[in-house]
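So this first bit is one chain, no partners, the form predicted on its own, shown in structure tokens.
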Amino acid sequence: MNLLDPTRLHALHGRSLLTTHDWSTADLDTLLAVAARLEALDRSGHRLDVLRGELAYAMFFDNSTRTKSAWAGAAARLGMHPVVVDGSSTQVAHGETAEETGAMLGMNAHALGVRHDLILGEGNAFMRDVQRGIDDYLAATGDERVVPVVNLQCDVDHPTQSMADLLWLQEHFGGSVAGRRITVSWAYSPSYAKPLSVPQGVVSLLTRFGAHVTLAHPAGYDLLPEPMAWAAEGASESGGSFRVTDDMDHAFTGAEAVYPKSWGPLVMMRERVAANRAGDRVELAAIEQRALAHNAAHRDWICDERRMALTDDALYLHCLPADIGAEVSSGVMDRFRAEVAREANKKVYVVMALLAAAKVTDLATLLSGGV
């Protein structure tokens, strides 16, 4: 099967990515193939600046290093002008609706990335409202520009991260994760109560591609029901499997890849919603401290040499930055430092593939260049 066939590529034209669940596995396969091809062309020195003079705008309502860099790097490689701003500096902070923001950005931007991940029930909904505002503006003005919206992490999913992880795993396993035993585990962190979207995105994506996925976490660290249902559904349809355990050792035993990552207690993540809506900064800070104290009761949930010895010579993954000495031992991180850097770099090409597939009308010609 030619994943880069013009017909398959055409199916991605004009598409936004707000969750991987919105896309079929066939379309995700094509997107991954585009990303792999763009990486090969980029590394061979090919010029890929087919979107010269266009504006790639991104709003970040949370901290970021790798994703900001990936957005800017992807846009620049395509010849676009990347602009990354703090979301709190926009008029959203002064009462502008998401639809209004979308309309304003739709006037000028040619692509939009958004990170809005801290408050459950708000981030993904905000992105969909922004997309509606952009689409309504373009339709009302007869503007035929394509302005895709890319989820750069929300409360439900982190699709560019999980797609980068899948791309890296496919490369590591020789092309496919089908039948591979992959563990996604909570791990202790003494820093802030991190969003749920990375583990949710990974388990709900990998199960769709035939992986045998184990999710491990202590009591109280459940994920949202919807992505859990997606993971179970994906496993059933792909021939993979999905199980949940509260035993980290059991989850690591026999695994071929492990992804130990901290996230906040679900009940406290939900408490943030009311505090955020009330604008109660004092209560938000108090919730954060309670979450960290809850984390501290599980300091033994660490990916260390003992646990790695339980695996089947597993690959270690992390979205970075990892809390060394808490989530992962320094020895394990030192062993896999080059691998997690390569994993992180895949995000550049996933974002690049999303922008190119959505906007370049003759993408097959670009991708046909020799390497």
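Here the structure is a predicted model, which is why all the values come from computation and not from measurement. So that there is no doubt, residue numbering starts at 1 and follows the sequence shown.
Although not depicted, the form predicted together with phosphoric acid mono(formamide)ester is the subject of the following passage.
Proximity to phosphoric acid mono(formamide)ester in the model of the complex, taken as a non-hydrogen atom within 4.5 angstroms, holds for one residue of Leu320, Ala40, Leu55, Ala26, which is Leu320. Proximity of Asn345 to phosphoric acid mono(formamide)ester in the model of the complex falls outside the 4.5 Å heavy atom cutoff. Looking at His217, you'd find every heavy atom of it more than 4.5 angstroms from phosphoric acid mono(formamide)ester in the model of the complex.
Looking at His116, you'd find every heavy atom of it more than 4.5 angstroms from phosphoric acid mono(formamide)ester in the model of the complex. Proximity of Gln161 to phosphoric acid mono(formamide)ester in the model of the complex: non-hydrogen atoms within 4.5 Å are present. Listed stretches are 329-337, 29-37, 43-51, 63-71; the contact stretch with phosphoric acid mono(formamide)ester in the model of the complex is 63-71, by a heavy atom cutoff of 4.5 Å.
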